[in-house]
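In the structure tokens that follow, a single protein chain appears in two forms: structure 1, then structure 2.
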Structure 1
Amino acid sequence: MTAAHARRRTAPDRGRREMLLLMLPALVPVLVFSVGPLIYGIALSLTDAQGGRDPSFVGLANFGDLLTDGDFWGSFRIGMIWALSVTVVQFAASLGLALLLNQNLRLRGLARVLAVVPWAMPPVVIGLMWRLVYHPNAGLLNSVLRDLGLIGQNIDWLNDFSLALPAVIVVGVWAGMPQTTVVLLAGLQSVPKELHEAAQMDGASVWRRFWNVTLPQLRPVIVAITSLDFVWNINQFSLVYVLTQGGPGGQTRLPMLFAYEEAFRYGFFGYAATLGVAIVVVVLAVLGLYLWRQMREAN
């Protein structure tokens, strides 16, 4: 009896030790190179750390500076416009495409492949490719618009103060459509057919069936993917860095580009860390509000 008891106690103990041992190789780099720096980064936001100097504690002074920094608010505004418009347009376009791909149309296979291709491309290449499309003299877009007689002379899309941001948003939508479309398509395919058939028997039109059957069933998927898209978009860096480097005149300087410049061009590490913390807080607040509203409506 005691022997059995003892064995019962040691077996899980040995299992736990074994588990820790197996997990250690993965745990160490994650702790050293991401959990640690994360905590260090939050601590840095409370210091005046700069290029060569030893940091000293300044409390919330950086956050005070941030609130009165016009450049930050400009960048923040652009970041919100970018993230919200890319997320919304991406969602609308992807839902449309997913609905089409869910139909029994010809060329559906080709369209599905095309819809996934941007996913497989490095962000730097996507940026370069669109620079070729937007190129003022050798670009596809100007050539097409001129042939259609819509513009008289070439437009320098990425260097125009009012056109640069919309042009960059289009690229953001193009680059992010695959993930959203694939997720929504999977969601559509899991809507039970019986629900549609029942609604059809009751004489509901296509539009009513979409509104009253498909959308409510899709709701959790929609909430999940739009939230993720929003976070990914506000954290976007590479694509816009390659397209415009934040120009012209800061018109496309997303918060991440702003923070990157503060840290690695000017060496204000503490201030840039503060920016990072502020963005996390804003993202969590926006997401919290959105998810809370969605939950309340769902109930």
Structure 2
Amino acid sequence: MTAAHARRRTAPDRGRREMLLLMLPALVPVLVFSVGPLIYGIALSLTDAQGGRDPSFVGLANFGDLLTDGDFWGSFRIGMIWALSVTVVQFAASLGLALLLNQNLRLRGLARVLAVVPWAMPPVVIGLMWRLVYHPNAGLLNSVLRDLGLIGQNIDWLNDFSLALPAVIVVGVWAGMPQTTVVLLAGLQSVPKELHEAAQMDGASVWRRFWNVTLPQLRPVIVAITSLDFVWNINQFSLVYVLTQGGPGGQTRLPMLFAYEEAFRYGFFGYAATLGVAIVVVVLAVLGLYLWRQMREAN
């Protein structure tokens, strides 16, 4: 083997080593803060860990208990209603806002800045602000509805069994719209103008151009952002906790709230870890479906 041939063989190996070294600063936090806790959570779910005593291995017993736990299935049903409702309404509202912000309007730059303001607010601040809006006696919502003559007496939005979940969904939509709007707006700006001009020359109406040109071009962006929104929403905790703490009567108790209560209110850490693993499985199923669809469209 000549020296030149040896150098050619070692060049790819050197390039791979350099690539790994460059990726290391990004991989270490992922391994420490994501993969490590995930592995620990899976291991913890296989034990009967409780506060104040040493854990013992129980295998899949926690998962068996989970399948017959009516409280879990109730929270899972509420979590799916929450995640699907927020994701769908959030997408529809964000698409409308993105279409509006994509027009040549006066003060468009200011409107775009104002549209992302909720994104800069911590979930705790958003929750506290909306608690004031929904306050039964001093809240802005009841005051406006009374002035319009739509209600005769104050409504306790966050403590009403039939209104608490819809009220919380409205907050979730409002809080999540900015990032969805930004992504959709970026997708709209990447649609070639020539396609719209050609469709317009063919006599296509605004609606037909939107349906036959804009939406097909946005499909990869729509699939990506709705999948990520669903994953984010199904894992939501802080916003709903500040608003209702899962009440009234568990009507807004999302799966993550249920897991939190099992761990830090009742001390069942092993069972709470099992709940977390179950949610991870749901999230992975959604991401798997998304990746499968992306590969299918690519082929």
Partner chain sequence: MARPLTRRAGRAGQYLALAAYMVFLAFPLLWLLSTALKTPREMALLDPTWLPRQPTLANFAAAFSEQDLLGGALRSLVVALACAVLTVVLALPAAYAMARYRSVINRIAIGWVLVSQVFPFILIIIPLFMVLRRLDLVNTLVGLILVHVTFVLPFALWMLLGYVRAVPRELEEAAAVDGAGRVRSLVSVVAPLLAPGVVATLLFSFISSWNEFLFALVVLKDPDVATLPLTLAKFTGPEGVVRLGPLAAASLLATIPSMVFFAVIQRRLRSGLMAGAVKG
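A quick note: this is a predicted structure, and the numbers were derived from the prediction, not measured. All residue numbers here follow the sequence of structure 1, with the first residue given the number 1. Throughout, rigid core stands for the largest set of C-alpha atoms superposing within 1.5 Å between the two forms.
Chemist: Tell me which of the two, 1 or 2, is the form predicted on its own.
Modeler: Comparing the pair, one sees that structure 2 is the form predicted on its own and the remaining one is not.
Chemist: Spell out whether the Cα of G249 moves at least 2 Å between the two structures when the two forms are superposed on their rigid core.
Modeler: No; that C-alpha moves by less than 2 Å between the two structures.
Chemist: Quick one: core overlaid, is V286 moving 2 Å or more at the Cα between the two structures?
Modeler: Yes, V286 moves 2 Å or more.
Chemist: So, does G36 move by 2 Å or more at the CA between the two structures, with the core held fixed?
Modeler: Comparing the forms between the two structures, which are aligned on their rigid core, G36 does shift its C-alpha by 2 Å or more.
Chemist: Superpose on the rigid core and then read off how far the CA of L22 has moved between the two structures, in Å.
Modeler: For L22, the C-alpha ends up 8.1 Å from its position in the other form.
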